[in-house]
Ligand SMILES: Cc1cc2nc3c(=O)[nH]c(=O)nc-3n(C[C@H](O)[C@H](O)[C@H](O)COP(=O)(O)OP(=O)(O)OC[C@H]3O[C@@H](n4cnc5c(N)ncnc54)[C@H](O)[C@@H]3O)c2cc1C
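There is one chain below, alone, in structure tokens, taken in the form predicted alone.
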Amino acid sequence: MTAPIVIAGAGVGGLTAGLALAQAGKKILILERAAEIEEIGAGLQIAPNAGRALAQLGLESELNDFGLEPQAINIRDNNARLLARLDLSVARQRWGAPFRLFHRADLQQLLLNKVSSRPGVTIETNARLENFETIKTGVTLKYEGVAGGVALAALGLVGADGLRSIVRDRMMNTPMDALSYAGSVAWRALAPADEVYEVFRRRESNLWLLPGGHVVHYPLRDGKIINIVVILDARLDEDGEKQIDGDTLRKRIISYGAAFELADLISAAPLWRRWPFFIRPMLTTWTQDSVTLLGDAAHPMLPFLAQGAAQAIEDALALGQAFAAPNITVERAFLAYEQKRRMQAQKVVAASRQQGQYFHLSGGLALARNIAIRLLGGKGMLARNAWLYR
């Protein structure tokens, strides 16, 4: 019986990798440590680069059915003045795919359905990877499943298990690779669309720039709900609550100089959950023999370019394509995948961090930034990040 390639993690990156490898003719086992494959409700932006990758994996029809296509991005300052309006209707013609907005659970379910329908794919939940060891014929691994401990021989192992990757920890095995706090906290919530101003229900994304923070919001599920993310610079011990109500966060956002229109939007969401941001060092390599990493496990990035899921999706496509060469070994395919993706992914990691610093300027620097955005206009601002979407 043919040994599988094992994927640790059934998030967006892991499921997309499973689909890409299955299309390359590989037998796949996906291990997910959670009891059920589900996501906490939140929005997800899929830029044209990721949209093209998913289309190549046969998902174009489903993307059109479940995704909401925003027509513009509005950038405002903390006083609600419009700095620039980016026209997104040109994206499909310019980059081969539109911008799309998803409820994360919807995209994950879409991917789960697609990969589950492929022959040769097995998905196990309640399966926690414990350890692994590379051997001449691939990798041996141990995981804790529903029925107890399981030992398995596999052709290869893909760590798609996120920021706190067990696969990465076992590979690197050094305190130098530990997590470190990035200096910002996100508060995330969903608000009923009928509870917010009409202007915020339009099929558009919105970005507000605050001194020491920013807010992103956009509609989901055919405009029935509004996804809102508030990101504020803060000490890790400053905001200890894991969740707060809208009125509490409304007062906090006003202290950052937010306009009352934005504050009213914040109070429309009844419950907010806290997500501190952590980072890890960039890796000089994320492949060792028949083991490799993907997505946040390989290159965790801050969300300021909305490219975390997109880069994981591009990783997955490249991983599947690496097996197109005839008679290629797992080790060579994994190295070819890394060589194709590592420099671009690291460029996005660095650019995301710089974007966050740019968003959170205050005082005279914020004023200069706002003037620059006005001078660039929507076309200039869209062109500024076009390198991501090509």
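Note that the coordinates shown come from a computational prediction; the quantities given were computed from them, not determined experimentally. When you see a residue number, it is the position in the sequence shown, counting from 1.
There is another form of the same protein, the form predicted in complex with the named molecule; it is not shown, and what comes next is about it.
Interface residue among Ala127, Ala72, Ala259, Ala191, judged by heavy atoms within 4.5 Å of the named molecule in the predicted bound form: Ala127. Only one of the listed residues (Arg33, Lys26, Lys340, Arg353) places a non-hydrogen atom within 4.5 angstroms of the named molecule in the predicted bound form, and that residue is Arg33. From the list 133 to 141, 162 to 170, 242 to 250, 78 to 86, the contact stretch for the named molecule in the predicted bound form under a 4.5 Å heavy atom rule is 162 to 170. Residue contact check for Arg104: one or more of its heavy atoms lie within 4.5 Å of the named molecule in the predicted bound form. For Ser205, no non-hydrogen atom is located within 4.5 Å of the named molecule in the predicted bound form, even though that partner is not displayed.
When the named molecule is considered in the predicted bound form, Phe277 lines it closely, a heavy atom lying within 4.5 Å. Proximity of Ala53 to the named molecule in the predicted bound form falls outside the 4.5 Å heavy atom cutoff. Using a 4.5 angstroms heavy atom cutoff to the named molecule in the predicted bound form, all of Gly9, Pro303 and Gln307 count as contacting. Contacts with the named molecule in the predicted bound form, taken as any heavy atom within 4.5 Å, map within 312 to 348 to Ala312 alone.
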